[in-house]
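A single chain comes next, written as structure tokens; it is the form predicted on its own.
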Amino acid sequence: MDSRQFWDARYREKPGSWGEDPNIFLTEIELGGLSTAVDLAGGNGRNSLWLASNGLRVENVDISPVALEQFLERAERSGVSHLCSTVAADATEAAFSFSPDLLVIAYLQLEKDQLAQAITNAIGQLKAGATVLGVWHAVENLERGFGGPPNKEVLVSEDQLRELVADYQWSDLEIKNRLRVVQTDEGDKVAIDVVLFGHLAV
């Protein structure tokens, strides 16, 4: 089973696995002055829908056509379909239909070489001064946090992420581990994410 088939099956079986709410770190961003966004590996669109509800034109890019179909259905129900578009493509080679003000990469699970390719491909399509938010399950989450993939090869460290983006020109950049509270039937659990937030140089 290839990646597209895997994620198609996952979204068919459990479309609600990722919830309705946007990522907590995304909601911290000041959206003033931003009008367009690309949600890379956006799945069935919890982050894209939140951005569209705040008036941004959003393109959800994901390898799974099933996830993107679910996203468009949700966008229609939410009354924001006029602000939403999709691209069905692998994150390492996806071609966006516009150069966005904001790039969101939330929990893109790829091994190091593929992740480097995906980041290079995405950042190369951004306009000068664009805002970038990246969130990954931190490698520390495997032993000390909750949830996330059990495969260490797709977990990310602060140092690894700094290395991956070192060749780009940033006007500001912060990369650090952050805690995220996850509500479960057994009470609140704490996940450890590594979060990148910055602006490309103008």
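Since we're looking at a predicted model, the values are computed, not measured. In case it trips you up, residue 1 is the first one in the sequence shown, and so on.
One more form of this protein, predicted in complex with a small molecule, exists but is not displayed; see below.
>> Based on heavy atom distances of 4.5 Å or less, which listed stretch (138 to 146, 63 to 71, 26 to 34, 163 to 171) is in contact with the small molecule in the predicted complex?
In response: That would be 63 to 71.
>> Using a 4.5 angstroms cut-off on non-hydrogen atoms, would Gly134 count as touching the small molecule in the predicted complex?
In response: Looking in the predicted complex, residue contacts with the small molecule do not include Gly134, since no heavy atom lies within 4.5 Å.
> Given that the partner is absent here, does Asp90 sit within 4.5 Å of the small molecule in the predicted complex, heavy atoms only?
Replying inline: Flag for Asp90 set to yes.
> Taking 4.5 angstroms as the cut-off for heavy atoms, does Ala106 touch the small molecule in the predicted complex?
Replying inline: Output for Ala106 is yes: heavy atoms within 4.5 Å of the small molecule.
> Just to confirm, Phe197 within 4.5 Å of the small molecule in the predicted complex by heavy atoms?
Replying inline: Residue-level check for Phe197: no, no contact with the small molecule.
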